[in-house]
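A lone chain, given as structure tokens: the form predicted on its own.
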């Protein structure tokens, strides 16, 4: 199972390295990582997707809460949340037929073509993991030249994830 974990941390150098070291020392694998400042420049939000069972999630949460720079940890186990990821995908377009089909698919998936060259297009798409994977599967026959994903971003619905 995959579990998104949101970690609010003090925005200072070395925090990411300490959290990465904690994961490495405990043998936890990070499936996805997204880090940015919050609305408060002194606080950063790290969204870490961890793969494993409930026991792994519990250990990750306990270990993160022990770190000095960690302000709050949300494991989203019992709270509603919104999850999104952004991907940039460069796709081969060797002829007009393939280009037209890719344009049609971007419309179906509510994606956006952001660059066009003679032999490829770059598509920007956002959504959950299932949507991104379905789009990549649909365009795979045309040939994926490059892909780049941002990592998952997650926010709690309502006030359940707000720092107090």
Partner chain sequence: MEKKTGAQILVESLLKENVEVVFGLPGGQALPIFDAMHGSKLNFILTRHEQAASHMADGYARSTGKPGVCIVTSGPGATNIVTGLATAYMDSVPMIAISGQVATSVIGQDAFQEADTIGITRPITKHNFLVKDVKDLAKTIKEAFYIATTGRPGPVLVDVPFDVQRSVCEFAYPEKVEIRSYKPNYNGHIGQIKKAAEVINKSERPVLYVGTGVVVSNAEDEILELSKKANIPVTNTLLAIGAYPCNTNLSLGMLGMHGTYCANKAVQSADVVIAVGARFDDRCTGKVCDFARKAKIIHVDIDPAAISKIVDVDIPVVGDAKTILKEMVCLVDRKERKNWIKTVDAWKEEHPLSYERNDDNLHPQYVIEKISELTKGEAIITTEVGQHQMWSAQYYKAKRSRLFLSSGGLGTMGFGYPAAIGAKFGNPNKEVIAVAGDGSFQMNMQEMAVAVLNSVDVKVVILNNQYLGNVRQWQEMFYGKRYSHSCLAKRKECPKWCNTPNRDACPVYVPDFVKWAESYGVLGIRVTEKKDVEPALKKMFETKGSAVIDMWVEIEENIFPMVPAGASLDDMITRMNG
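Residue numbers count along the first chain shown, from 1. The structure displayed is predicted, hence computed values, not measured ones.
Omitted here: the form predicted together with the partner chain. The next part is about that form.
### Message
Quick check on this chain: which one of 155, 140, 24, 17 has a heavy atom within 4.5 Å of the partner chain in the predicted complex?
### Response
Of the candidates 155, 140, 24, 17, 17 is the one lying within 4.5 Å of the partner chain in the predicted complex.
#### Entry: Residue (of 33, 113, 57, 70) lying close to the partner chain in the predicted complex, criterion heavy atoms within 4.5 Å
So the residue touching the partner chain in the predicted complex, by this definition, is 70.
### Query
Using a 4.5 Å heavy atom cut-off, are 42, 62 and 66 all in contact with the partner chain in the predicted complex?
Every residue of the candidate spot has a heavy atom within 4.5 Å of the partner chain in the predicted complex.
### Task
Report whether the minimum heavy atom distance between residue 10 and the partner chain in the predicted complex is within 4.5 Å.
Output for residue 10 is yes: heavy atoms within 4.5 Å of the partner chain.
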